[in-house]
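Given next, in structure tokens, is a single chain: the form predicted alone.
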Amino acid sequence: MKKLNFGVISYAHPHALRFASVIAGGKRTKLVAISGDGSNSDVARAEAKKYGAKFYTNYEGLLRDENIDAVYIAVETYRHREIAVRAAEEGKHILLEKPIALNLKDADEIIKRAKRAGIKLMLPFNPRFTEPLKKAKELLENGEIGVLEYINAISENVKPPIFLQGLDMSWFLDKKKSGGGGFMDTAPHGIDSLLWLTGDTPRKVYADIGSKIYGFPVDDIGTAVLEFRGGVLAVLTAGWGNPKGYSYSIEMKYYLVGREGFLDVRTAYPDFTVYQDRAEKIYWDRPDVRNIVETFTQAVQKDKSVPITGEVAKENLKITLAAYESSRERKVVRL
């Protein structure tokens, strides 16, 4: 089968490092070009050399490259609408980093342009592509724990991105560019998993989000309580709560309670621990990113629907913004 030729637009988001690696090593994908838009253009240039990909100083040159079928966009969030719209105009299929946009209006524009161009648009929310959660979803659908009543999730809790060495992640601390702090950065993953696991949408949200740990100009952690239309109550904690010395770089835990039992997902990623001067968790496999790229690639090549559409991502953003409103106003927000 002919490989899907990818371009990676920007290394502003740290996820670009992992996605580029998976795309370059994929059986059905080829990394053709990388652009240096936004932060970390030096890293983007070095990565292009590493993978033997063509380097463009900006996305316009990359999008005009006729060898490219699809793009993974990892630029700063405030530029998502601008670049996704141009990618659609050039007929490139789009794998767009989360959140889809800073606001619902921009999200609508991206969705509209992608439909008009007849291209695939997908968001990469990782949890639903991990093996433990895929198994949990299967057990829920098979009625193994009866009617689902309650979910307690930490998804995702990470170290602040500015702790990453060799990368400029300062834009995450600028609300105009990022839309928010730790909760905006990581909660969309957890929200997507809750929508997927329940097969439902929330009708109410109450949240407490703030700069509680590091004194950043944006929030670093938050907790949201979501009441779903079908009756499930979910508590989600997400943000940048892990300190430098914590052995986990990423925390994903789920406690799902049904009327006939519960599922306890201690970690969504297979790992082992190295104990020396300090303890460090080593993830020996990250099938989620590989599964995301493979799912997107098959959708393009076989003209199938993607599992996480622009509309799903917009609903996710709506819930995230409602959580911020709830925290700001100190009240329950109805959706």
Partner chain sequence: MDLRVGIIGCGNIFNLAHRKALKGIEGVKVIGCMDIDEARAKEGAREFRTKAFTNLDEFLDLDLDVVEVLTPTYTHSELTIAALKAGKHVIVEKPIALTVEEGKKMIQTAEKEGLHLFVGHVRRFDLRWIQMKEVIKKRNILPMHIRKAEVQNLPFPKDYWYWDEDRSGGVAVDLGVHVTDFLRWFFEAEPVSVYAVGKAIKEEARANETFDHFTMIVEFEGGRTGIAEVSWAYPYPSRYGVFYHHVDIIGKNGRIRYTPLDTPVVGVAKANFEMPRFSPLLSTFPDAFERELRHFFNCIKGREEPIVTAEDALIALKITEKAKESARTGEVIEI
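Treat the numbers as computed from the prediction; the structure is a model and nothing was measured. Positions refer to the first chain, counted from 1.
Keep in mind that the form predicted in complex with the partner chain is missing from the display, and what follows is about it.
*Asks:* Residues Lys204, Thr223 and Val257 are flagged as a possible site; in the model of the complex, is every one of them within 4.5 Å of the partner chain by some non-hydrogen atom?
*Replies:* Yes, all three are in contact.
*Asks:* Looking at Pro124, Gly179, Pro188, Gly241, which has any heavy atom no more than 4.5 Å from the partner chain in the model of the complex?
*Replies:* Result of the distance check: Gly241.
*Asks:* Scan Asp106, Glu76, Asp192, Glu251 and let me know which has any heavy atom within 4.5 Å of the partner chain in the model of the complex.
*Replies:* Exactly one listed residue reaches within 4.5 Å, namely Glu251.
*Asks:* I need the one stretch from 97-105, 84-92, 204-212, 113-121 whose residues put non-hydrogen atoms within 4.5 angstroms of the partner chain in the model of the complex.
*Replies:* Checking each option against the 4.5 Å cut-off leaves 204-212.
*Asks:* Under a 4.5 Å heavy atom criterion, is Val218 part of the interface with the partner chain in the model of the complex?
*Replies:* Val218 lies outside the contact set for the partner chain.
*Asks:* Is Lys2 part of the interface with the partner chain in the model of the complex - any heavy atom within 4.5 Å?
*Replies:* Lys2 lies outside the contact set for the partner chain.
*Asks:* Residue-level question: is Thr198 within 4.5 Å of the partner chain in the model of the complex, judged on heavy atoms?
*Replies:* Flag for Thr198 set to no.
*Asks:* Is Asp168 one of the residues lying within 4.5 Å of the partner chain in the model of the complex, judged by heavy atom distances?
*Replies:* Result no; Asp168 lies far from the partner chain in the model of the complex.
*Asks:* Taking the partner chain as it sits in the model of the complex, which residues of 220-237 have a non-hydrogen atom within 4.5 Å of it? Please list them.
*Replies:* Counting only heavy atoms within 4.5 Å of the partner chain in the model of the complex, the contacting residues of 220-237 are Ile221, Thr223, Val225, Glu227, Gly231, Val232, Leu233, Val235, Thr237.
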